[in-house]
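For reference, the chain that follows is the form predicted on its own, supplied as structure tokens.
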């Protein structure tokens, strides 16, 4: 542990940070630590043993120039063949749980329940069994961005038919794995799926329909989540006794000044990002955020649309969706500054025109390898308090948080990031009374980082992607995180 703290102090000096020392308070006894990965990013085996094609397989194969160095997830970390090594890594870290996702196409190659791929089922059963044998709780995400390609061929998430397709997939997963899985997440970061996949066209499947596509996508996803939740609640909870939620991501939005206009702009950004997907599920009133309903309806009318581009949730749908969670899941990495601006001119519809705010990041904030990810730990505390107050004090599990670099083993900047963010989280728990019960580091190991290929590394284990065996090596941050988990403490000696 002494070596670990030396590494942290070196990191502070290396970064030139002026922040005070990490908290010397202990995490509560019920606080749990985990790590996360996602199927497409680590599994590989893209066409092995009957797996079907998904949208990221299709996207990387047919539009390779959209990915750094034409990379794919065809092999990735090869976890499909090396999952027992992954379990050993998890056991070495001492994590309480492992958050991973199922590949829909590995279980249902066509996307439909007409064909179940037994080899895929066996893979996940073996992984889950190995985790439980080693005292590691599986936290399972049903959908982490990898829609079966046959379902994209009928329009993907903007098609409301996918509500039932997802519900049947969820029922299949609950049936197959529910006796051993007690924590389920339906979707990971639907904002990324909808905004970037169906609005801006920046990620798979690359559909560009901003101002329309992302709203139709969100409408389907929140209903699909609710249907899966009700299926679990009515058919499986009485015997399996598990929990279900959805993972929504947000960066903290800090007003650029004390002006009422900047404060309103920052709140609007939070509602357009986190609130859009969280409000119908977590908020006592349900429905999409009122600011979105009003602004999109107004701009749609001025643009000549007969109705709002934002689909309307009926009274029955609001009631059906509201409260479909057992705990709240939050992914967050960074902070943005927000300033009020005049509304964008009426013209072509678009999400950012509907939002109409100005965002930026302070140039003094420390950088990661990702242009969007700056080190702003105080933003995490503010975001946790906002979520707590906005959604009526739920139990919160932080399901992703992490830092990117070039993959070096002596990753002092990542140690610093974890220590500072965990300090802010602990302050939110102990000083503000926010009910955070879990923290999940992204990621267990370096992996395929979507459009950035293998350039950005988030892992606490290094993966040698030049080695056919995909050798894994623990980094300094892995050793640091291991000590944090073992002692529930960020420094050598904590106050009890």
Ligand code: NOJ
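All values reported here derive from a predicted model rather than from experimental measurement. Positions refer to the first chain, counted from 1.
Omitted from view is the form predicted in complex with this ligand, to which the following refers.
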Note: exactly one of 139, 417, 333, 157 sits with a heavy atom within 4.5 Å of this ligand in the predicted bound form, namely 333
Which pick from 400, 411, 354, 146 sits with a heavy atom within 4.5 Å of this ligand in the predicted bound form?
400
Is this ligand in the predicted bound form close enough to 189, 442 and 449 that every residue in that trio has a heavy atom within 4.5 angstroms of it?
yes
If contact means a heavy atom within 4.5 Å, which one of 86 to 94, 114 to 122, 346 to 354, 325 to 333 is the stretch that engages this ligand in the predicted bound form?
325 to 333
Partner contact for residue 54 in the predicted bound form: this ligand, 4.5 angstroms, heavy atom
no
My question is simply whether residue 372 lines the interface with this ligand in the predicted bound form - judged by any non-hydrogen atom within 4.5 Å.
yes
Heavy atom of residue 458 within 4.5 Å of this ligand in the predicted bound form:
yes
